[in-house]
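Okay, here we've got a single chain as structure tokens, the form predicted on its own, with questions on binding and movement later.
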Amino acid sequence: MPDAIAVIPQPADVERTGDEPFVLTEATTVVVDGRPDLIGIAVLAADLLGRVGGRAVEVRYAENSLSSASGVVRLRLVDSLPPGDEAYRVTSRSGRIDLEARTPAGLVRAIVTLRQLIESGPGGVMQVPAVRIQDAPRYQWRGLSVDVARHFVPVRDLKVVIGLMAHYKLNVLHLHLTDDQGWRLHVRSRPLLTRLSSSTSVGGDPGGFYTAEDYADLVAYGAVRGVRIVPEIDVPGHVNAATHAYGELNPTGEPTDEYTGIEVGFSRLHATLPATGPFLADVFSDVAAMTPGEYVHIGGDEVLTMEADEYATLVAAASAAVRAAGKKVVGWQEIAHTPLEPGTVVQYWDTRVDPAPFVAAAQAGALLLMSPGSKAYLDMTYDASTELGLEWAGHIELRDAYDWEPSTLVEGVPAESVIGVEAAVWTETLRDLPALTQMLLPRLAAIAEVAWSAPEQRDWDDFRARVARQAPFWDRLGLSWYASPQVDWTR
């Protein structure tokens, strides 16, 4: 048995207890209290254990007769943990595993840790080493932004991405749903957006969109796995798909042509047009009503042909629509140049610009979400020979994605103003799931550890050894991934 505990992200506290391992057998049973909010989590645990062990695992409600039974994986909510919704404890020994947390979200994190602990023992049996792990995340926002506008990503493929996110304890899937190339979410108030502007992608590739039912399915699928959806409707730029569907959003009154290129900054809304205000109010109201989570993203990036006052007016209008629908506002870093309500999340992506607006925004009560293009944009090439991806932010090898510190990224921004970390993957060159996972893996695991684990817990050499042991898992799932030369991979 390898000595290292190959869990990613690195837990806060790990102790081997010296007991015999827990062995998965036909008698292994998941036991849970009969609460509706816990039953789905128990089914998830049983499914994961069953897939690894090659046999069905039964779920039972807690009974006194089961409290001392052998082969039990017991899920339980407890108060004896540090504060935090996602704090959890895993205790494994011969015959029993206890998964404990303050909340259902914490139990999901415990299950993921258990899944990563399972290893092949003598005779090929699947077992869990005897350990005690107590853990909680550093940041409450640990995300991945997926661009489904440049190339559409079907629901089935997004579910694979959600599964990977959950495996590494990421908890926010930010969907970039609209751009010049396509509008990907049906909204009740503006049906032409998907009827006329969803069929295209970059290079003339096929498009697509999510129905309200598709979106609800994704929200529910993510929720069981501890991943919430943050939808992005990008305004007041990146709007050619909108102006193609609704000509009244143009000064001429005529729809714009479809766009399948990759240039940015040429499209825009107009604050003075009568159609613009109702469009923003209706669309953001619709999207907010479809989204159980507390955040809606208004975009705000790369508006290159608009005066500052008009930009501020449109950002304020979009933000007001989101707040009127009972949600909190997220926007790309450019919104920091406008007046913001306290609690607004500013997503920092371009490290080449003056930090002063972000310092001022933080001082005024905004929160910073760290997505530096040079570290966390996972569509950037690994090196000069990478066939997929872009390289405007440079090459990002695995260690580049791992070796950075969110709290000191923007000089002058207090550490307490940083709400979290989010990777992003843009799909100009990514046409399918193999291309997507090739760029995500292994770097998504690195970003996940940056977001979850405290700086003193992170060590490149240790991570390098742990991530090497993730390769068989990716292979079993049939996923494409990049064999970074910085790692001695286990195959």
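In case it trips you up, residue 1 is the first one in the sequence shown, and so on. In this text the structure is predicted, and so the values were computed from the model without any measurement.
Omitted from view is the form predicted together with a small molecule, to which the following refers.
Site test, Phe209, Arg431 and Leu433 vs the small molecule in the predicted complex, non-hydrogen atom cutoff 4.5 Å | Checked in the predicted complex: no contact with the small molecule for any of the three.
Work out which of Val155, Val264, Ala356, Ala316 lies within 4.5 Å of the small molecule in the predicted complex, going by heavy atoms.
-> Of the candidates Val155, Val264, Ala356, Ala316, Val264 is the one lying within 4.5 Å of the small molecule in the predicted complex.
Considering the small molecule in the predicted complex, which of Ala321, Met380, Ala336, Leu185 comes within 4.5 Å of it through any heavy atom?
-> None of the other options qualify; the answer is Met380.
Taking heavy atoms only, is His238 within 4.5 angstroms of the small molecule in the predicted complex?
-> His238: yes, in contact with the small molecule in the predicted complex.
Is Val160 one of the residues lying within 4.5 Å of the small molecule in the predicted complex, judged by heavy atom distances?
-> The answer is no: Val160 has no heavy atom within 4.5 Å of the small molecule.
Give a yes/no on whether Arg150 approaches the small molecule to within 4.5 Å in the predicted complex, heavy atoms considered.
-> Looking in the predicted complex, residue contacts with the small molecule include Arg150, since a heavy atom lies within 4.5 Å.
So in the predicted complex, does any heavy atom of Glu302 sit within 4.5 Å of the small molecule?
-> Glu302: yes, in contact with the small molecule in the predicted complex.
Contact stretch among 22 to 30, 423 to 431, 453 to 461, 37 to 45 - heavy atom within 4.5 Å of the small molecule in the predicted complex | It is the stretch 423 to 431.
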